[in-house]
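Take a look at this single chain, the form predicted alone, given in structure tokens.
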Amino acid sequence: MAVIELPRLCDRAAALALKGDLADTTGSEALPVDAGSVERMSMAMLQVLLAAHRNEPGIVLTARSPEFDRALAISGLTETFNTGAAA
């Protein structure tokens, strides 16, 4: 299964592209997402990631940058993505 790599700038345009990529995927296993290169995160991208996380088969984060973790903390989503629980 291919890993979805998030770009350095996760803005609205990147969120729209990711939404399309996620809609095109099929399978029964969670999709691996690499957020290790993220330097800036928009709320739009967080919304797309949360929606993907909540829907089957979900996503699993394979790497997370400090900026990505900071965005999760600011948005109150750290626990959601750490435990796999749906918000």
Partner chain sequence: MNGIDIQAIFFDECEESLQAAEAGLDACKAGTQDSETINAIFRAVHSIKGGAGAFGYEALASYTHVFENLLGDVREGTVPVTSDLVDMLLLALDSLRDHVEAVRGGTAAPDDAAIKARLAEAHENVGKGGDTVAAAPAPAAAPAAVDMDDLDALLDDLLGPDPAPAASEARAEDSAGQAEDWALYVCPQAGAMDNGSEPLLWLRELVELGGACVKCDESVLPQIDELDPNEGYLAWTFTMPGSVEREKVADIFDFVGEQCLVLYGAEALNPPARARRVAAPEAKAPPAATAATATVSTKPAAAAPTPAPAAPAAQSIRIDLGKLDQLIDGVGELVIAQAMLAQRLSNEGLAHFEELAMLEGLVRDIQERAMAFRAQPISSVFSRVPRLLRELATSTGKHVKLVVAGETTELDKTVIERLSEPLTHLIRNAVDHGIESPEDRRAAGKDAEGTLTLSAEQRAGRIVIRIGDDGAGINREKVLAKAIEKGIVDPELHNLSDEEIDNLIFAPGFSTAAQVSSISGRGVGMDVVRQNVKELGGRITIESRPGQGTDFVLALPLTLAISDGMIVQVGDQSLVIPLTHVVESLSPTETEIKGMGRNIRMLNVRGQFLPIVPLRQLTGGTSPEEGLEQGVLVVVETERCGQAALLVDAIIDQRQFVIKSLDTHYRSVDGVAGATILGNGRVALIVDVDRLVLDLSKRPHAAAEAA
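As the structure is a computational prediction, the values presented were derived from the model and not from experiment. Numbering follows the first chain given and starts at 1.
The next section is about a form of this same protein that is not shown, the form predicted in complex with its partner chain.
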With a 4.5 Å heavy atom cut-off, would you call residue 70 a contact of its partner chain in the predicted complex?
yes
For residue 38, is any heavy atom within 4.5 Å of its partner chain in the predicted complex, or not?
no
Would you classify residue 62 as touching its partner chain in the predicted complex, given a 4.5 Å non-hydrogen atom cut-off?
no
Is it the case that residue 22, even though its partner is missing from this view, gets within 4.5 Å of its partner chain in the predicted complex, heavy atoms only?
yes
Need the contact residues for 41-62: heavy atom within 4.5 Å of its partner chain in the predicted complex, sequence order, or none if there are none.
41, 42, 43, 44, 46, 47, 48, 50, 51, 52, 54, 55
